[in-house]
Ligand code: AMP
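Shown here is one chain on its own, the form predicted on its own, set out as structure tokens.
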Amino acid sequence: MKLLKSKQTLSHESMPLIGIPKPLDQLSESEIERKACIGKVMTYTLRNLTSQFVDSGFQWLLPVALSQSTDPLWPDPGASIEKRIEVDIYGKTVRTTASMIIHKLIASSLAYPKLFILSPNIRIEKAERAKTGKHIYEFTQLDFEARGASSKDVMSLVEEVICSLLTSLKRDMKDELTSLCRCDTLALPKRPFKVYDRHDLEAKYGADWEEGIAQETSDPVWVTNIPREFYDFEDFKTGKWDNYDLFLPQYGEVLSGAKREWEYEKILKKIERDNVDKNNYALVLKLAKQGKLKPTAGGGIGMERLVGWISGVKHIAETQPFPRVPGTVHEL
């Protein structure tokens, strides 16, 4: 594994710009063959991951597209949301799902101790992120949550799942990986994955540590202790956050997760501190106050970024049949 030894900044503006993927009707015959090949890798990855989670005792739940309560995406410094989509139905204002974290917290606490969902995420990113190659405005996460789990439990599970997936891919999808020029370059990571504290990365790379770690690693790595939304567990005494993101070489964050807050007073204090509208999270507060919210931990794996890394695409929208590139709206 290689890491920069000197502090430097790597802004989006300083990175090479990536070409924008074209819609299906504009692809050449060879490009369609490549698109179909990536689709086969996506199919295999979805089947493999969902099977692994089911075999590990997780229940597969259906997703939610509209809800009064969804991820506030604040104060996450990595968020770049241009607008939020809201619509009135049955006299209520609902939002498109930015992530199913609130649903996972409640579902795991009340009825499904171990769950996962192929969850829709609609985040209208700023148009300037179109050419980073890592951002799309509509994507899918394999969202999972486990009651009573620790951060170490989740990190160990994810490492096992990712390594098992890659081992199976290299065995069963040799033709596809060869066609994508990834059969020899896609290496199986060593376990356990390296773990970095966000504070240390900021000291080494500066404010753009996410770009630094993504560009200068050769294996997936964990980054912990990231200030984030109210539902991630924060130790008020030490100021540290019990959370973890998985970063892929070149492609950046592919998983975001944490041990969760469940105590009423802490959740309320953090919501008020972050100026988050309490009305949007009334049920979370109610359940926490009643002692029905339980300690859980989990995360969400971005399927387009994961398959983009496996396939070696230049832009993760290449993994989508109908590219969702910031700033661009196609007919389909």
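Fair warning: this is a prediction, and the values are worked out from it, not measured in the lab. One rule holds for the numbers: they count along the sequence shown, beginning at 1.
Omitted from view is the form predicted in complex with this ligand, to which the following refers.
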Task: Stretch in contact, per heavy atom within 4.5 angstroms of this ligand in the predicted bound form, of 295-303, 274-282, 55-63, 37-45 - done: 295-303
Open item on the list: Within 4.5 Å, heavy atoms only, which of E253, E234, E176, E216 is in contact with this ligand in the predicted bound form?
Closed with: E253
Task: Residue among S108, Q141, T97, N243 with a heavy atom within 4.5 Å of this ligand in the predicted bound form - done: Q141
Open item on the list: When the contact criterion is heavy atoms within 4.5 Å, does K104 count as touching this ligand in the predicted bound form?
Closed with: no
Open item on the list: Residue-level question: is D208 within 4.5 Å of this ligand in the predicted bound form, judged on heavy atoms?
Closed with: no
Task: Residue contact check: I136 to this ligand in the predicted bound form, 4.5 Å heavy atom - done: yes
Open item on the list: Against this ligand in the predicted bound form, would E125 count as a contact residue? Criterion: heavy atoms within 4.5 Å.
Closed with: yes
